[in-house]
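What follows is one chain in structure tokens, specifically the form predicted on its own.
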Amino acid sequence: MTVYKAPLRDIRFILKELVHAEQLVDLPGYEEATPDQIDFVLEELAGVCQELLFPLNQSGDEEGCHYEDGVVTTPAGFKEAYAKYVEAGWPAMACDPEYDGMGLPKTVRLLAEEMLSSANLAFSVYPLLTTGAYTAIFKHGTDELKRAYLPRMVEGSWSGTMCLTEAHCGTDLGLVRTRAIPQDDGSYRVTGSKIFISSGEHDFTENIIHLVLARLPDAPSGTRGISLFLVPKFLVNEDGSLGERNGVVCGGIEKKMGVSGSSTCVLNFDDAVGHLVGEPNRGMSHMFTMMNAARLGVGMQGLGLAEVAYQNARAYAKERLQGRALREPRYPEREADPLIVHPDVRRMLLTMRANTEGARALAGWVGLNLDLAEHHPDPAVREEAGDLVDLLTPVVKSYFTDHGFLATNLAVQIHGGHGYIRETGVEQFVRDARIAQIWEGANGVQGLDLVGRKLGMHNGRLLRRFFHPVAAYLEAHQNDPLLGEFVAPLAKAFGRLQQATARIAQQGLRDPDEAAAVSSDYLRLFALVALGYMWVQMAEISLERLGIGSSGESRVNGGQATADAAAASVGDPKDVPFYQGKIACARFYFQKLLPETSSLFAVIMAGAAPVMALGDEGF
């Protein structure tokens, strides 16, 4: 059996000490989002994740969803758990109070996604899709559509989907064939087939609101000719009651590698009544409102699985007795030492932890800027925050999900043969993690988005939103003897990133393949520097909390006097190990993980030739 406990201590550290989320109460609409209120919400949700959702994770995977004659039944316990989830008001978490939402900051929602994904990824997909559909309707729908659909979606009695993919087109949505024919009453008749539709059919809610990409009869070709339509499973009467069944039917569900408790459907639209969302032929830009939010959510799925994988690997490494420590027995009273004494096991655990905690910190920074971009009264601040979110969205989606798959694999490796069998439960994490690298835009596409769109956007304005604060931090601390061990390697890695950026910008103008061939490597380089920027700040905070002076003499080293001094500085002796752990993880990150930027830099500077030289016929 697997274990999970929400990492509330680390989340509090990020919100209160790193990104200073207390500033949210100064934003219009967030007056009630006090630190105490946010604490309460996260505590309550942690209980839901640990006690309600996590116990259903393994059984839901074993059973999966059931399909019969267009009807989908979710695994035992899922429907009842969703009813309790709705009863507690969780679907309304970050929704606008005008439509009965709680109006909580998106920072909170983003970190909540991690806990939900750790507890039960398959379950978490259903509300995540609804949140995305809500966002698109809220941003681009008419007031009439908002009044008719959003309150019930916020309430949780109706859910939502996004219907993009067709059998012949996934990433290339310019090939979409689904048609929408305008009617005299202002509605449209939508006909076509969509595949891989998460939550497309299920037994959670009384209605499902599909957001569908389709073409109008006179639409131009390619992505410029796609519009977005709202197509409900059941038609909605003027008084808000449900009418007759619409012309959309589930044609089957996929048998998948993982997330078995999440229904992945084929949806057939046959003359279904739909309503235009936003402007004609602007469907792609409107859908990206939903997709960008979903990409951040998927990134948090990778992070969530990395966290639960780490917790189970750590527990197993501490209890599983195997061999002896190489120097001398660490636990001579036992018949063998636990796995945790072995250097390679510790390397794997620290790799998992350092990436996970660094990613969580980056998520907190992105979440804060999501809120600043929407609620800050100063347009310049909103623009700057929005730019940063846009720039980092592909980084979060790609790196977090790559790390999620790596971390879950490391958990299996630490468990050895016991990790490979289903009874232990960790092999499920690997299978569940794999899809996150694919859906909402495969990770290779995220690299293309970063180098092909984000770097050159607004003459490099987005890039400056990240480069400038990093450069300013490094300059301010370049002579700090306490932070030198962190600042110096980050400065070198940042220099590599700057050089790689210049090369891609220069060579990419000459030949687009030069940028595309190294885009995934560049995104990873960018992510490593971004996590380094988070880690140096976390190290700085932790050193300050432990009362370590610039001389470094009071560094915590196991001595009683030093430990007492650290406890006195922190205030709560129980927090001393937390900050010690942060400093140790920071050192591991800078000495063992950040050096990968050197090899990535070499790969990027090699350009496209090694990738493109072999002709198609040579493969």
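Quantities reported herein were computed from a predicted structural model and do not represent experimental measurements. Residues carry their position along the shown sequence, with the first being 1.
Note that the form predicted in complex with a further copy of the same chain isn't included here; everything after this is about it.
- Taking a 4.5 Å heavy atom cutoff to a further copy of the same chain in the predicted bound form, the contact residue among 499, 506, 413, 157 is 413.
- Scanning 76, 71, 175, 472 against a further copy of the same chain in the predicted bound form with a 4.5 Å heavy atom cut-off leaves one residue, 175.
- The partner is not drawn, yet in the predicted bound form one stretch among 431-439, 139-147, 277-285, 229-237 has residues with heavy atoms inside 4.5 Å of a further copy of the same chain: 431-439.
- a further copy of the same chain is not drawn, but in the predicted bound form it has a heavy atom within 4.5 Å of residue 513.
- Put simply, residue 300 is far from a further copy of the same chain in the predicted bound form: not one heavy atom of it is within 4.5 Å.
- Using a 4.5 angstroms threshold between heavy atoms, residue 125 stays clear of a further copy of the same chain in the predicted bound form.
- The closest heavy atom approach of residue 51 to a further copy of the same chain in the predicted bound form falls outside 4.5 Å.
- At a distance of at most 4.5 angstroms from a further copy of the same chain in the predicted bound form, none of the three residues 4, 181 and 295 contributes a non-hydrogen atom.
- Contacts of stretch 312-345 with a further copy of the same chain in the predicted bound form, defined by any heavy atom lying within 4.5 Å, are made by 314, 318, 320, 321, 322, 323, 326, 327, 330, 331, 335, 336, 340, 341, 343, 344, listed in sequence order.
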